[in-house]
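Before any questions on binding or motion, here is one chain by itself as structure tokens, the form predicted alone.
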Amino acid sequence: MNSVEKQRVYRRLESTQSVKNSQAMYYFQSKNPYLHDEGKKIAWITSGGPVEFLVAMDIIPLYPEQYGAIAGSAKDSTRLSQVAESHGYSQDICAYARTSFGSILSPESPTPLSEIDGVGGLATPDMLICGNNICGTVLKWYQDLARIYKIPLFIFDTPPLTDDKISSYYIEYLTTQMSEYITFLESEMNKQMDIEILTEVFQNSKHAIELWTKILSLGEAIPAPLNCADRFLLMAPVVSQRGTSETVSLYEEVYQEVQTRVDNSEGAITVPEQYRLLWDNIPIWFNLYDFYNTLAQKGVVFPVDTYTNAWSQNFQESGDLLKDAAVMYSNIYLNKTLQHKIDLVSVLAKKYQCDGILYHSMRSCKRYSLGQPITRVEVTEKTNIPGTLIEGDMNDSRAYSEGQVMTRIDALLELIDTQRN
């Protein structure tokens, strides 16, 4: 690789360090050996699970998916996946799940959270919370975790929505589960839920999501102030700590810095912006900065993506806290119809003035990747914005060919140039 290829064309976002520091403390606290003495416990939870209830009950939420992303960024997820496969887990299942099982089954060498706390693996859970609004794999994944650790599991069931309008019986079904969820947590913690504290946590969550949405919206500016890799790193608090006041403060800091970039017409990359692409699906964690940096050298920037936008669904206040929570956690991007996805990608691509769309078709995440070929055709027909499919995986490098991926992207850029001329 020559010196030109090694050149980094990213502008450093100072507030990213604040996010990293916050995450470091978050993981450090979860490894506190006196945690139980302080009346706290650990819960592993899926990324679409109702986290605010845990925060309100002094339960620290940890995310095996987030750990998977960290292991991927450390370029160790493929090794951990192979460890899981050696114990009988199929290569066809989610690479996040295989990374998680690999870290558990090789406790002598889990991926260190090197940029976070220097300690390998997630803290051992006391309970498991599984929401299937993001995928179906998590059900078996968390059932197996419950078997391994011999700990209780609560499943928050959210059947896929068939319409953008949520029916009353659906809301009633989920609201009932919210009540059962509270009962479960009260039993595990041997104390009652304080509704005032829960309300405050939801207010923090609402404010954090509002700020996150505002940060994402700044991507409409030309040049784009944030690239995909920036958002993928900045999204950590809105996933794992969104019920805390600290996350609100973090995103206020991030918003101010990104707004300053917009005011000064300063882009996320240091070369002239030539192509604005929308990214669909989870990133390629094991090749994160190199991938986007390589494209940035060609003037490619990603002002928007569907992945980080999935955490912009906010809490609508009606006066019934559990009902409002039920609506929010069912109204998740991956829990909605294919038509909704087509419509959303079309809206985002136009709103952020995208020249093209990159669909990451992943071996691991069937629920996210399913329907992408149809989405590509339908979105292009609606918007006249071309798109292409690249094949890969978020955590398993064996399912990724950089040469093939770059060939398809170059063809998309050539098509965009042809349409301009």
Partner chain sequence: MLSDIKSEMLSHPLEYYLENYFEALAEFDKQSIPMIGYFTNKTPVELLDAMNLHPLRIFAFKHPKSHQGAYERYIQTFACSWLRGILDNGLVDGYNDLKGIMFSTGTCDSLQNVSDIWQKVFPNQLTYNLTFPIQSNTAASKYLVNEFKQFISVLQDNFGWSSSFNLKESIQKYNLKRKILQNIANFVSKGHLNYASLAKITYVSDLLLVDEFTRLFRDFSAPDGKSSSSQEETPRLLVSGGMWDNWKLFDIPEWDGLVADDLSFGYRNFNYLIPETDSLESYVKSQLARIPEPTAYDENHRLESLGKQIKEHKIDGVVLLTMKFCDPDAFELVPLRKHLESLEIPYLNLETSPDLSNLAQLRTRLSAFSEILQ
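Positions refer to the first chain, counted from 1. Because the structure is a prediction, the values reported are computed rather than measured.
Beyond the structure shown, there is the form predicted in complex with its partner chain, which is absent from this document and is the topic of what follows.
In summary, among the residues Lys351, Lys191, Lys75, Lys140, the only one with a non-hydrogen atom within 4.5 Å of its partner chain in the model of the complex is Lys140. With the partner removed from view, the residue among Ser30, Thr380, Ser369, Gln66 that has a non-hydrogen atom within 4.5 Å of its partner chain in the model of the complex turns out to be Ser369. Remark: Trp311 does not count among the residues lining its partner chain in the model of the complex, judged by a heavy atom distance of 4.5 Å or less. Taking non-hydrogen atoms only, Pro272 never approaches its partner chain to within 4.5 angstroms in the model of the complex. Although the partner is absent here, Glu253 lies well away from its partner chain in the model of the complex, with no heavy atom inside 4.5 Å. Its partner chain is not shown here, but in the model of the complex it comes within 4.5 Å of a heavy atom of Ser361.
Looking at its partner chain in the model of the complex, residues Ala97, Asp144 and Thr176 each place a heavy atom within 4.5 Å of it. The stretch that touches its partner chain in the model of the complex, counting heavy atoms within 4.5 Å, is 85 to 93, out of 319 to 327, 194 to 202, 85 to 93, 257 to 265. Shown here without its partner chain, the chain has Tyr169, Tyr170, Glu172, Tyr173, Thr176, Gln177, Glu180 in 167 to 192 lying with a heavy atom within 4.5 Å of that partner in the model of the complex.
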